[in-house]
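Encoded as structure tokens, the following chain is the form predicted on its own, with no partner shown.
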């Protein structure tokens, strides 16, 4: 046990913690943007998985990282348009739309992978272009701190910067103001000339880019190839992180870091004599526990507000 505690506080674990958090932070921020505009996007898992595959295929067929990025973002936008069209334009249920995208992605990625490579499991036969690792000048020379913060994949630093970018977008720009207004009171926003459908469509597209980057990180940063179903529920965990963070960028980031901690912890426990099934369950148990605590907190706040309203009503009558 002392060895486990010692490893948790080591620079290697902290480095891995940040690395594991990256594919959660990016889609969680995308979910925040959708939530604030009044759209609950359940198709994160499918978009991440498809972007992970097309990022590898685009790079391999185009011969450069640029084409991998372009292919990954393009397929993310196409799936986002598909979700937004059915949900916002045709008024289809968002749960069914998101479930359809996730279900289609599971089979579609295997079909395309086999069609191009002849394999159903991995893209190991293709040349994979990955995002580069970045060594931060000066920081990399600092003992311990340099080992933790420097040398990460480029998308890791982009994910951290995106937290500030989404804060700026939602709270400092007219577009963000309209998105939040549409999410909080669409009728009031519509009465002053804001196109509700257009704002929500825009939010889904912006979130699609962030979700796609999270998927591409898995196959072009975390690993150097695509593997079947490699998202492994990260899209749903990111959705839970956005909910636990009360649909705020900073809150979603912190929640994603909490879930990533347990994901990283499960990697360590695999080295001990603990049943593999329990180790694999750990990140999802943490997700369920986190959502349960979040739900209890919301119920408590709701009851407290109702009590205050009753007290104020009684005082006004007196």
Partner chain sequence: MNRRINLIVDLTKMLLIILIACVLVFIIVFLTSQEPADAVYSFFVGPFTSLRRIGNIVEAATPLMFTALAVIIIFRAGQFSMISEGAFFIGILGAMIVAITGRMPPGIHPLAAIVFGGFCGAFVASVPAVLKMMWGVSELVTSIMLNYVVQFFTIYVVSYHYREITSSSLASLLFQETSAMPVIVEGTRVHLGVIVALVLCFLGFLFLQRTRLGFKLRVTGDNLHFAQYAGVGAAGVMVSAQVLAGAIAGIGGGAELLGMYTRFKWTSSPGYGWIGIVVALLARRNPLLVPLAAAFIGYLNVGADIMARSSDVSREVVLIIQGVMMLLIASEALLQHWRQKLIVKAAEKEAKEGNDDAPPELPDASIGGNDIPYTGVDTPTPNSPDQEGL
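Residue numbers count along the first chain shown, from 1. Keep in mind that this is a model prediction, so the values were computed, not measured.
Here the subject shifts to the form predicted in complex with its partner chain, a form of this protein not shown in this document.
Trainee: Considering its partner chain in the predicted complex, which of 134, 205, 162, 82 comes within 4.5 Å of it through any heavy atom?
Mentor: It is 82.
Trainee: Residue 285 near its partner chain in the predicted complex, any heavy atom under 4.5 Å?
Mentor: Yes, contact at 4.5 Å.
Trainee: Taking heavy atoms only, is residue 121 within 4.5 angstroms of its partner chain in the predicted complex?
Mentor: Flag for residue 121 set to no.
Trainee: With heavy atoms only and a cut-off of 4.5 Å, decide whether residue 151 touches its partner chain in the predicted complex.
Mentor: Close contact is absent here: in the predicted complex, residue 151 is far from its partner chain, nothing within 4.5 Å, heavy atoms only.
Trainee: Could you confirm whether residue 260 comes within 4.5 Å of its partner chain in the predicted complex, counting heavy atoms only?
Mentor: Answer no; every heavy atom of residue 260 is more than 4.5 Å from its partner chain in the predicted complex.
Trainee: Which of these stretches, 218-226, 68-76, 140-148, 185-193, has heavy atoms within 4.5 Å of its partner chain in the predicted complex?
Mentor: Of the options given, it is 185-193.
Trainee: Scan 79-99 and write down, in order along the chain, each residue with a heavy atom lying within 4.5 Å of its partner chain in the predicted complex.
Mentor: Result: 82, 86, 87, 88, 89, 90, 91, 92, 93, 94, 95, 96, 97, 99.
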